[in-house]
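One chain comes next, on its own, written out as structure tokens in the form predicted alone.
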Amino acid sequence: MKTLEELCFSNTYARLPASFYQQVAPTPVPNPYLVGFSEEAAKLIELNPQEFQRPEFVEIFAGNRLLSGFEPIAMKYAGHQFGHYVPQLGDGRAILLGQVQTATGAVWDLHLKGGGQTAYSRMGDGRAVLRSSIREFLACEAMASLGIPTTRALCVIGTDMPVYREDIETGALVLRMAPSHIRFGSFEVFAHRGQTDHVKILADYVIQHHYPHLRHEANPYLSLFREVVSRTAKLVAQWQSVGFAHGVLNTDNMSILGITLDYGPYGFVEDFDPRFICNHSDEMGRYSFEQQPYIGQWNLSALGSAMLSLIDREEAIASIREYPEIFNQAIDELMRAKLGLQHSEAEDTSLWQKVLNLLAEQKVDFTNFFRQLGNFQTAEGANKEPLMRMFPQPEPFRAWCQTYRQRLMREGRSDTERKQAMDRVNPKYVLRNYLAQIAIEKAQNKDFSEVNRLLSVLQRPFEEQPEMNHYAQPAPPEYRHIVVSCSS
């Protein structure tokens, strides 16, 4: 494990032509302090967790001091926002400090969000607020613990500097990590300007550093696009399987690596509602929970269009048409595992779709239902009352249970073995909005204990943790109508 000064930097993105980014250093903030940190994220870059205790750590990741090896830049990109093309966006409040290379050859971006104005700030202040920084920090680490591809978060740094949004808020910065922060919009910005040479440079860079196994393909660019299609379809299926709604699936928030990127007004479904909208700015429900699979494909179409200087149009269309099959196969596998099924049968899709319909009709908590379903007993006449009590009108669910029991009997697996398998894929703990809000409210009063306690719970989402049972409870009435927006 290394000290900050011992980290090794490669900074390959900064070797691209200057038109891909702006060289810009973070703007210092007054009186920075550590709000939360992730030892698990530190391990990824081989950073000794004891480094969190150093005053220099806070100064560096507040943007007040540059570490030797940093080459800070703001990345250029564009994107479709709510279906409308915006010709230039870019890192308006985030700065790629540098890229750490580990002893194993892995490379991690150190991406500071809230670091100050850049050429892409579009009249913004380049800052982030404490509430959104805590939400992104917790979401990155919670999603990783659920096994979902995602950016990671090393730390949150607070500052006494006020930030002006709808109200005056506490400022903060979050240090995000990922193998890359290249987005669909990184290709779009050059394609829409007719800079096809830049599209090729970027595609070559992505293949060299992130998809090296494609270098010797007959058409590496088409192979790249097809793999992005596949990764995106599988990622969205994973979101659906845990009830996660991203909230702002613009093309500038879509990763070329197929990882979850840019946590803004996200949310986990509680009382199951396919039409769940977690972003109050999304008045038309474009990015509702049930729309995410379709938006994934729409965004891939935008990426395909941006790569038409490298791939044939008909081949791009054919690749995009593969998306539904990949998604459907992935969601079937995930939902089958959630039901404790090992083998595939023709009626399995209908089985899980019917129970989701029941959850929606009767407003049953999504996460708690699937966790409780692991206790289902196949013996004739076994007690199913704990499950039945989750349904205001239990008879339709009781009928579903008969079909489910018959399906389980054909598997031939013991109840104990099945429960163990189901508990490994059905989390007990997810980042419910009210849990994040309670942690934020305490942090705004300089009490950071709940941020770190909640992080600890969410890093073990599949374990029982009896002393933390209250973190698995649905939102109490006073927190049931939390409003989250793009404002941060």
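This is a predicted model, so every value here is computed, not measured. One rule holds for the numbers: they count along the sequence shown, beginning at 1.
Omitted from view is the form predicted in complex with a small molecule, to which the following refers.
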Exercise. Out of 201-209, 75-83, 269-277, 349-357, where are the residues with a heavy atom within 4.5 Å of the small molecule in the model of the complex?
Worked result: 75-83
Problem set entry | Single option in Thr403, Ser309, Gln329, Ser121 placed near the small molecule in the model of the complex, where near means a heavy atom within 4.5 Å | Ser121
Exercise. So which of Arg93, His181, Arg131, Lys338 reaches within 4.5 angstroms of the small molecule in the model of the complex, heavy atom to heavy atom?
Worked result: Arg93
Exercise. Within a 4.5 Å heavy atom cut-off, is Leu89 in contact with the small molecule in the model of the complex?
Worked result: yes
Exercise. Is there a heavy atom of Asp125 no more than 4.5 Å from a heavy atom of the small molecule in the model of the complex?
Worked result: yes
Problem set entry | 4.5 Å heavy atom contact, Arg413 to the small molecule in the model of the complex | no
Exercise. Are any of the heavy atoms in Asp282 no more than 4.5 Å from a heavy atom of the small molecule in the model of the complex?
Worked result: no
